[in-house]
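First comes one chain, alone, set out as structure tokens in the form predicted alone.
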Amino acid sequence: MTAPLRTIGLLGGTFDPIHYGHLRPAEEVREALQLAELRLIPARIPPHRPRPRAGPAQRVELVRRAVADNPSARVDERELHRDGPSYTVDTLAALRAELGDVSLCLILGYDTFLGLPTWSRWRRLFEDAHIVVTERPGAAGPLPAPLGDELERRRSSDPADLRRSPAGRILFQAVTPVDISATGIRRALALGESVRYLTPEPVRQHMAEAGLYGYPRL
């Protein structure tokens, strides 16, 4: 029997700022899929949303502090050092060239997954990674036809499938709902309201000390 591949989870985003709505679902995916490593990849210029409020150096520092006590987590800064929009397809191709024969699992929220056909060269994503969709109770929405066709061909319900091949499958993973948004955190900080327990304490402390997103209440 072929030995399972080393499996690496990839979580991208602006992380403007990072919070438990990013971290808890990713941790549940790490555990369910038995990931050897979870890489957090801050985007420099997101193609599908406004530019982040905080600069790259500030956001990557927040991500580092958020996962400093997690031995399975690693911060990958490659998109911050690449010119132009942070296209995921380019990031996956670079990771595949660098890491070789491993299983790469791109973690996406359900709403993000629905928009996948609007991404640059989106079908090429499956050449370099599996897609793991974090699914919360009540999540719904019609699948665009091209995405539905891909889902029919690629869907798996067995995490072991993702460890047997390097790329090409789609798996839905139920996660605990965490209704926290970066927009809400930024708004609260700008108003001087507390964001305690919305994000890891080292992140909150650094935002307060650096005066990010306005003057927060300690």
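Bear in mind the structure is a predicted one, so any value in this text is a computation, not a measurement. The first residue of the shown sequence is 1; numbering continues from there.
This next part talks about the form predicted together with adenosine-5'-triphosphate, which is not shown.
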With a 4.5 Å heavy atom cut-off, would you call residue 199 a contact of adenosine-5'-triphosphate in the predicted complex?
no
Would residue 134 show up as a contact with adenosine-5'-triphosphate in the predicted complex if we use heavy atoms at 4.5 Å?
yes
Contact of residue 111 with adenosine-5'-triphosphate in the predicted complex (heavy atom, 4.5 Å):
yes
With the partner left out here, check for me: in the predicted complex, does some heavy atom of residue 182 sit within 4.5 Å of adenosine-5'-triphosphate?
yes
Note: exactly one of 164, 154, 64, 186 sits with a heavy atom within 4.5 Å of adenosine-5'-triphosphate in the predicted complex, namely 186
In the predicted complex, does every one of 12, 19 and 178 come within 4.5 Å of adenosine-5'-triphosphate, counting any heavy atom?
yes
Only one of these stretches, 143-151, 79-87, 120-128, 100-108, has heavy atoms within 4.5 Å of adenosine-5'-triphosphate in the predicted complex; which one is it?
100-108
